[in-house]
Ligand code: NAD
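One chain comes next, on its own, written as structure tokens: the form predicted on its own.
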Amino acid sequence: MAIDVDKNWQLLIDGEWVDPAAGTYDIVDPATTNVVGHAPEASVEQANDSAAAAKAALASWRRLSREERCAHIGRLGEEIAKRSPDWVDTVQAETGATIGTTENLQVGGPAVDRFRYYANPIDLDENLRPIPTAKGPLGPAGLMSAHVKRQPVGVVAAITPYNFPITNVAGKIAPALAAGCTTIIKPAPQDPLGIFLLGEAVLAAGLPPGVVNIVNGAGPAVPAALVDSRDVNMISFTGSSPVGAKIMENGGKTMKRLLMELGGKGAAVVTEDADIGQAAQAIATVWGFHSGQICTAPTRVIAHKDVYDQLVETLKTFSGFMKVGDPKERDTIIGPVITELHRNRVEEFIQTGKDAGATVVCGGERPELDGYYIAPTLLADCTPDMHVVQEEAFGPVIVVLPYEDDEQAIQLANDSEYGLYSYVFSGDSMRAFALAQQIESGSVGINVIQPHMEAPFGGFKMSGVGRDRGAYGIEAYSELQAINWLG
């Protein structure tokens, strides 16, 4: 569907589309630098209105049976499936994602799958075994029984990232709704338009007013208001570690529950007996995926010294097949990064590696293209203390370090503030399993990049707090309540 640049985008508050009180700002296509829309800017008062609407809707939503809530979630999933093909042009223009990534991962696809998954009731409540209890100061003797129930946390503010806006939102609000929570979505300021299209699906699916609200803002005022609001019980945030830390600090004043998926600097340990071609292909697949704007990317390759040169050369070869260009062309592998500011940040990041003595094996230059492009960059001869080894570029940049034995491999893998998603590539499955268990990371893939979509997802250390996905998503958005009785 062609983009209507002049479309009047509005906020969704309490089941109604509302004009933004703070005006609009431009949304820029990172591939062309053209303005493709004007995003609504909520006021702090409207952010507070959305929280009040979600709070008012909470009592009736949580009283619905699990099956009734799941029926609503299922209808929303089907509305997204029906409507999402018409969202492709808008979402691609604001995210800069390649056409394949947009069609298969940005709209429809995983978002629909997540709603369909949580449309099936998940019962995590349990009865504890009765315990014989002697007569005492607190009561008579008998069998003490208990029922452990998951109660909804309450109002959840979902503050989401720019890289996969609709998919990330689906991963937050689908389990939150299933748990009995009501929600407020605050999308990333760079590409919020697809989330407002999602809002159209919310209304079409017939969800009660106030159960899903959408407010937006280019600056920190709107999310700060949600973090400060006493009507909001939980913040579900995906983004940078520094912002996550600020949310923890400010949310503590109202004892906010938190779910945070933050930065990553994924280690990829490649042993001397690994299939180097397979390892390089897996690493390269994520190297260029969505221009490296993915937190689970194995951007810190730790290769055994006996295969180090071979792996570096193989990765260099793969980079030659990674076309950088127009994301609308089907053979493009790497499109632009999200903004000019982010491109400049990634280029400065690469320069720090050069200045510290890293060798640029390939990339490192700015492609001669309109838009915010970065060539896939491979840095060798790196040392653990380098900024490029310790920090996340969030772009198509990989660093490679050598190691001598498994003990050093683990030491290098764990020499990071981050611990979101790491990898082990080895020809010995038992050795790989042993190494994986020693890596301080929320997830570890062995000879594979793809995750298990029902496995718990989240990070160690500065990579976050809490876990979601699968049944763990219901746990994330619920409080444990123990009901005790003497029988």
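Note that the coordinates shown come from a computational prediction; the quantities given were computed from them, not determined experimentally. Note that residue numbering follows the sequence shown and begins at 1.
Below, we refer to the form predicted together with the named molecule, which is not included among the displayed structures.
Site annotation in the predicted bound form: the residue of Gln278, Thr317, Ser240, Thr339 reaching within 4.5 Å of the named molecule with a heavy atom is Ser240. Only one of Pro223, Gly180, Gly77, Gly109 comes within 4.5 Å of the named molecule in the predicted bound form through a heavy atom, and that residue is Pro223. The shortest heavy atom separation between Phe457 and the named molecule in the predicted bound form is within 4.5 Å.
Although the partner is absent from this view, Tyr117 stays clear of the named molecule in the predicted bound form, with no non-hydrogen atom inside 4.5 angstroms. Residue contact with the named molecule in the predicted bound form: Lys246 places a heavy atom within 4.5 Å of it. Mapping the unseen interface onto this chain, Asn163 counts among the residues with a heavy atom inside 4.5 Å of the named molecule in the predicted bound form. Heavy atoms of every residue among Ile159, Lys186 and Pro189 are located within 4.5 Å of the named molecule in the predicted bound form.
Contact with the named molecule in the predicted bound form, defined as any heavy atom within 4.5 Å, is confined among 69 to 77, 255 to 263, 83 to 91, 206 to 214 to 255 to 263.
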